[in-house]
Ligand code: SAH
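This document starts with one chain, in the form predicted alone, laid out as structure tokens.
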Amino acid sequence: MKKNQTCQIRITGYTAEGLGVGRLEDGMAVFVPGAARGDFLEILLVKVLRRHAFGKILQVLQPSPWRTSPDCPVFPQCGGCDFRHLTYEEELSLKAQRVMDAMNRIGGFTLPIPKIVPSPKITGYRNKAQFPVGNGETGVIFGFYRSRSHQIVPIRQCLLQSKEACSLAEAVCRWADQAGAAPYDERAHTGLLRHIVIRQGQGGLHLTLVVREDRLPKSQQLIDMCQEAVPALCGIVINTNPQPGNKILGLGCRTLWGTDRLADQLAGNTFHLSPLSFYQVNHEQTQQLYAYVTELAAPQPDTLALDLYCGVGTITLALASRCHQVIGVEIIPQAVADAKENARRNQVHHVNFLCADAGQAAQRLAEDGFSPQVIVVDPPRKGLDQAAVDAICRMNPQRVVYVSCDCASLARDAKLLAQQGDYRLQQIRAFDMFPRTAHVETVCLLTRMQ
């Protein structure tokens, strides 16, 4: 088979990224975006490599029983969603299968398909929106990047976000048109407005405008238009990011109006969140995830616990209600400041927070003889570094609870902990934190063999 040839194919499964997988008559695997398991398709081969090929759907000859009509007018052009063509039951099934495949293939474990906890909401569940802005036919637009590109697909209402968040983004774009605040051009490194970042919680909505340089024309007009669009707006922060590249937030923040932080409640505690602080985006599902993390940690009144990659202290404070002492470690200074203030606000006094790289801090704690019974880790997508793995094994806790947004790095790290620290995988469960996208959150418990 060659590029631009057409062929017919039956889809039998999915890749880790959610592409449909089928095989040609000669056995070559073909990966097809937008396909559903069970589809019989006519496809165009758009790329043919030595061992596999990529195809584009020309016609659905026989639809899968798990295929459904997309409910979004910009799907699949917009890269925000992956699975609006699938039933939610099929989406959950493929995500659970993905976790099992990673743990078995990469980690070397022998696991059945794990339980996956569905999200309480599959639309409007996100409490954070990050909209890039650009120039459209009628003015400044916001939206999401087309898949594998930086071309903005304009939207008016995203089904993953709240209506208020999209209304606020529209107000910012109207202001930008009237004030002459040009969108950022990443190729020429010109323009002003880069991203619109919106968080939503029990304290209302909080707006962060990411700009290339700290100058804002007609700022009072911006405040008035945003307040009129969303009366629940509680603050506007200007974040300056002068650096080229695709990193959204810069380091400098100043408050233009209102409060500099958003208030929210989670797992029985109140949190104030700065724009640079990490916070889970699916509030209701996070409640279930943190309850499971606490269950696996099984803390007792005399337990010493360590929470690596603690962010603003959400898991730290959840553990603290049942532990003797908890130490949280986070590398972002603003998040550590938020964590300390959150502990004071909730009158939790038996926690300490360290601002440091997780692996380096864990090594120092191990050298100082800190010996926790429980370590909880919630690392970024790349997982643990070797220093963190070594320190965990040196501290030798009875339990390690691993929260992961990437099951491949989880599988790799669980294998390392099993090999270096004599841990065994005791429990694992997937949580659908990001419905209609290919991402899946996984929580596992590793216990010491001796």
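Start at 1 and count along the sequence shown; that's the residue number. This structure is a prediction, so every number in the text was calculated from the model and none was measured.
This next part talks about the form predicted in complex with the named molecule, which is not shown.
Practice item. Select, from the options 330-338, 86-94, 213-221, 236-244, the stretch whose residues sit within 4.5 angstroms of the named molecule in the predicted complex by heavy atom distance. Key: That would be stretch 330-338.
Point to revise | Contact test in the predicted complex: residue 82 vs the named molecule, heavy atoms, 4.5 Å | key: No.
Check your understanding: Would residue 164 show up as a contact with the named molecule in the predicted complex if we use heavy atoms at 4.5 Å?
Key -> Heavy-atom contact with the named molecule at 4.5 Å: absent for residue 164.
Check your understanding: Applying a 4.5 Å heavy atom distance criterion, does residue 274 contact the named molecule in the predicted complex?
Key -> No, residue 274 stays farther than 4.5 Å from the named molecule in the predicted complex.
Practice item. Determine whether any heavy atom of residue 111 comes within 4.5 Å of a heavy atom of the named molecule in the predicted complex, and answer yes or no. Key: No, residue 111 is distant from the partner.
Point to revise | Contacting member of 311, 299, 134, 258, with respect to the named molecule in the predicted complex [4.5 Å, heavy atom] | key: If I apply the 4.5 Å criterion carefully, the residue I get is 311.
**Study point:** One residue of 294, 119, 280, 346 in contact with the named molecule, assessed in the predicted complex (non-hydrogen atom, 4.5 angstroms)
**Key:** So the residue touching the named molecule in the predicted complex, by this definition, is 280.
Check your understanding: Any chance 290, 315 and 358 all have a heavy atom within 4.5 Å of the named molecule in the predicted complex?
Key -> Judged in the predicted complex, 290, 315 and 358 all sit within 4.5 Å of the named molecule.
Review point. Mind listing which residues of 179-199 have a heavy atom within 4.5 Å of the named molecule in the predicted complex?
Key: Read in sequence order, no residue approaches the named molecule (within 4.5 Å, in the predicted complex).
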